[in-house]
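Below, in structure tokens: the form predicted alone, a single chain.
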Amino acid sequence: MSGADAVGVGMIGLGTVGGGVAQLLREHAELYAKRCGRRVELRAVVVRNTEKARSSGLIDAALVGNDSTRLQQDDIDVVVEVAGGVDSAYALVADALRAGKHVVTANKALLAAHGPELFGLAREHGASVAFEASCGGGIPCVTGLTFGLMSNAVRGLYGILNGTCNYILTEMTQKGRTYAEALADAKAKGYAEADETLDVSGADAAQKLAVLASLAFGVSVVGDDVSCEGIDNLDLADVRFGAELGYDIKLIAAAECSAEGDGLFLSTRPCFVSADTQLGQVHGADNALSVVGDAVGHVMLYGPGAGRGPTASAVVSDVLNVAAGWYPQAFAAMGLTPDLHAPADKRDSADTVSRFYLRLEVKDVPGNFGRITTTLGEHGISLSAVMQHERKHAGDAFVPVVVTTHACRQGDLRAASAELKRLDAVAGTPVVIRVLDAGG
């Protein structure tokens, strides 16, 4: 660190989160000095649009510039990256680490793509990377996994890690809105970006899962390792049928050990969860992470997963932990980060064993349901519940039939669904949604 009585901070970006960081450092300067034993001072902010940043009123205009080499000067101890993106952020963070600066980042996309390399670079140059804000906003997911639950062999992670998706699904389940209606409302309230693709495709949650799974299972996971299915193709009919069966629908980012303990199932996709479980009670734009450990059992971390205040809270907490000196020591001493581990042994999702929801449009004539149960039975799939609604209109030839299965291999259910689709008794493609029993 640069001086005996102050820690110098340089920041990349001054948007929503960066403004929140600057505000906290200014308003709580005395409190932070007491907690760390040293003052924490914002000394430089690097942005593209200097005019906008200088006129924002958030910080002293003299601190603003666009020369990134300012971050490598001796009076900067910690570099905070809150600009987002991957390529430009990677270059700036890598330069800071090579200069021996500790880095605090909220950038899950950067870590999902280049985490192992950046962690290794930090270790090589006697620096550290702190990243609490990258996964879950203000929820201490990273701290909980790495320090609070270090004694456990983790068996599963089940996360609601995207507030946009959770808000949309809450609107669909509680207010009966279609996906399009709920998305429009999320945009109007600022929960969804103008281009919502990263959120609703599941990619954002998959990036966060990659970071968390690396820590939880002691492996190296990147974003592309996570199979991804979004919420943009959900039918409101399935949401309603699930509710009749006592389920809520959530976008679940899951990392699970195989039954043999020799591989990971990594996925982000819509799942039904029992409405009266903890995960089923996470509504609106909130996030949650459910952790299943061999010693502790089930633990859930819950709270606001995004936004100026919550994310800035996590960023500044990381800055303070670095400033206090304990985090760099822990980073150097503990074998937690993915640069120290081999790539994850990924298991095929076909081998996932779970219960499932299956909806078919079935021709309403005697004997057809028997053909369906026979087909399922031939693939080793037994049923736990069956629900059929009457025809809406007298002339309807097909009616929706919903079944839930006992635990079965997903690959077997896929094969059975493909065979059912070929029957003249079934119209269209069967809808399959996982029913999640673990972790909640």
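Quick note: we count residues from 1 along the sequence shown, nothing fancier. Computed from a prediction, not measured in an experiment: that's the story for all the values here.
We do not show the form predicted together with a further copy of the same chain, though everything after this point is about it.
Here is the short version: of Gly242, Pro310, Gly223, Gly163, the single residue with a heavy atom within 4.5 Å of a further copy of the same chain in the model of the complex is Pro310. Leu31 is the sole member of Ala62, Val386, Ala407, Leu31 with a non-hydrogen atom lying within 4.5 angstroms of a further copy of the same chain in the model of the complex. Comparing 350-358, 183-191, 300-308, 198-206 against a further copy of the same chain in the model of the complex, the single stretch with non-hydrogen atoms within 4.5 angstroms of it is 300-308. For Gly325, a non-hydrogen atom is located within 4.5 Å of a further copy of the same chain in the model of the complex, even though that partner is not displayed.
Of the heavy atoms in Asn321, some are within 4.5 Å of a further copy of the same chain in the model of the complex.
Put simply, Leu149 is close to a further copy of the same chain in the model of the complex: some heavy atom of it is within 4.5 Å.
Though the partner is left out of this view, Ala330 does reach within 4.5 Å of a further copy of the same chain in the model of the complex, counting heavy atoms only.
Judged against a further copy of the same chain in the model of the complex with a 4.5 angstroms heavy atom cut-off, the residues Gly37, Pro140 and Asp294 are in contact without exception.
Interface residues of 265-285, taken as those with a heavy atom within 4.5 Å of a further copy of the same chain in the model of the complex (partner not displayed): Asp276, Thr277, Gln278, Gln281, Val282, in sequence order.
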